[in-house]
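Before any questions on how it binds or moves, here is one chain, the form predicted alone, in structure tokens.
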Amino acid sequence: MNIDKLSTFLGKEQISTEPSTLKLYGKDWTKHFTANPSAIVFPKNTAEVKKIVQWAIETKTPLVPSGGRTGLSAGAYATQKEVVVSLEKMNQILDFDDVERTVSCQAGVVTEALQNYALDRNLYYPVDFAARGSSQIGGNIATNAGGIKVIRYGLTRDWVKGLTVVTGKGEILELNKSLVKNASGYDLRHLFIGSEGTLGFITECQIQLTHQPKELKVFLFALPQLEAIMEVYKSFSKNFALSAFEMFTDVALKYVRKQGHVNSPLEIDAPYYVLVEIEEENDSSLDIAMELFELNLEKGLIVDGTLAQNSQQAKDIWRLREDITEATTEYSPYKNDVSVRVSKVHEFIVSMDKILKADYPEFDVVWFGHIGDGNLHINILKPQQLNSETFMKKCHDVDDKLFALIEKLGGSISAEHGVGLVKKPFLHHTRSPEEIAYMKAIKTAFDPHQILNPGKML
């Protein structure tokens, strides 16, 4: 592969074949794959991305986009000597429209930086998740990231007003241009949202901001049985526009507490926990929430609970949920994030939990999820006595049963981390053969040379 021509339009510091750099930028947070890129390039603007794509077409070089590399479906892995295009140097806020409350930025802007930019203007960017400090807005768009506030604010898709992209043909497209109304045909912007870098590079975006919420109240409840989760959800969702409704198990809490960074504020242990966040919209909001707590306590649906009394306590409660991924990383977890309709959540958890306990009793399975939007995360931790090959084989056996159940319930094999390499063999459980054929045709239209993130999704 001849990368010398790259130096005619990129600076020396923008090209690296250093082994440590290759290892770092050639992967994401997914385990059980091996990074093997040939080079990493760091463009600083859309024009440079266009030149990189044109070079790739000329040299028949596959390209892999790289953002914050926080994905969990191996969507940012380079395993076949591809050139990785890191967008981390494209990290500038470009413009702010204080009339429309929209911000224009490059794709490499970190999620938390965008959130803080909004807060500095007394505004709010509500798409939020534990990886906010390292994930990048371009990657969020490419995977249509969800997170902990979806129940109230929706997905990344709902906040993208416009996009600038470079297609696999080396063409720059400006999509929607931040218009509120645009009834002029196909909205190509939405094709690129969730496309995982298979159609083009997202280089710039216009993001809608909103008003800051009123004071948020965070509750933590201990539940004695699985059936109580949806009952508590129904009681609170009927009375509040919930900001979050998160579930995790005692197994998940065990690993978080083992780290020693934060402890549970509850006196009673239970098999299930839910974190409920509401906005204190008026003077009676908190009184109603406490009445619901007491009612659920009387019914035996809740056995213990607490309300954060200040912002630090609220952060500590949230850490019990958000630290789960970090707390289980050393155990080489095999991760699945799936979704079903909210009304099917209970049936799904009961059925899948029964399968796991009956067929795989040696596995420590860490459950947590965004119950309010039907998104469950299932993390299987590798037992010490199993080597990686045996462990992966067993996990793939689990996948067959898991995705068959997902298909039966009309759910999705991937709720928010994309398809990548991990979920590609199972796409047929969520998409029909006709849909997949159309997706392949769309891929070919935007990337006729098949150089963009090859092997991912399709």
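One-based numbering along the sequence shown. Values in this document were obtained by computation on a predicted structure and should not be read as measured data.
The same protein also exists as the form predicted together with a small molecule; that form is not shown, yet it is the one meant from here on.
Colleague: Heavy atoms within 4.5 Å of the small molecule in the predicted bound form: does Asn379 have any?
Modeller: Asn379 belongs to the contact set for the small molecule.
Colleague: Would Val345 count as a contact of the small molecule in the predicted bound form, using a 4.5 angstroms cut-off between non-hydrogen atoms?
Modeller: Looking in the predicted bound form, residue contacts with the small molecule do not include Val345, since no heavy atom lies within 4.5 Å.
Colleague: Classify His370 as contacting or not contacting the small molecule in the predicted bound form by the rule of any non-hydrogen atom within 4.5 angstroms, answering yes or no.
Modeller: Yes, His370 sits close enough to the small molecule in the predicted bound form that at least one of its heavy atoms falls within 4.5 Å.
Colleague: In the predicted bound form, does Lys217 have a heavy atom within 4.5 Å of the small molecule?
Modeller: Taking the distances in the predicted bound form, the answer for Lys217 is no, it never comes within 4.5 Å of the small molecule.
Colleague: Please tell me whether the candidate spot formed by Leu72, Lys335 and Glu416 is one where all three residues come within 4.5 Å of the small molecule in the predicted bound form (heavy atoms).
Modeller: All of them do, each having a heavy atom within 4.5 Å of the partner.
Colleague: Here the chain is shown alone; which of Asn144, Ser135, Thr102, Thr325 has a heavy atom within 4.5 Å of the small molecule in the predicted bound form?
Modeller: It is Thr325 that has a heavy atom within 4.5 Å of the partner.
Colleague: Go through 304-312, 355-363, 276-284, 317-325 and give me the stretch that gets within 4.5 Å of the small molecule in the predicted bound form, heavy atoms only.
Modeller: Checking each option against the 4.5 Å cut-off leaves 317-325.
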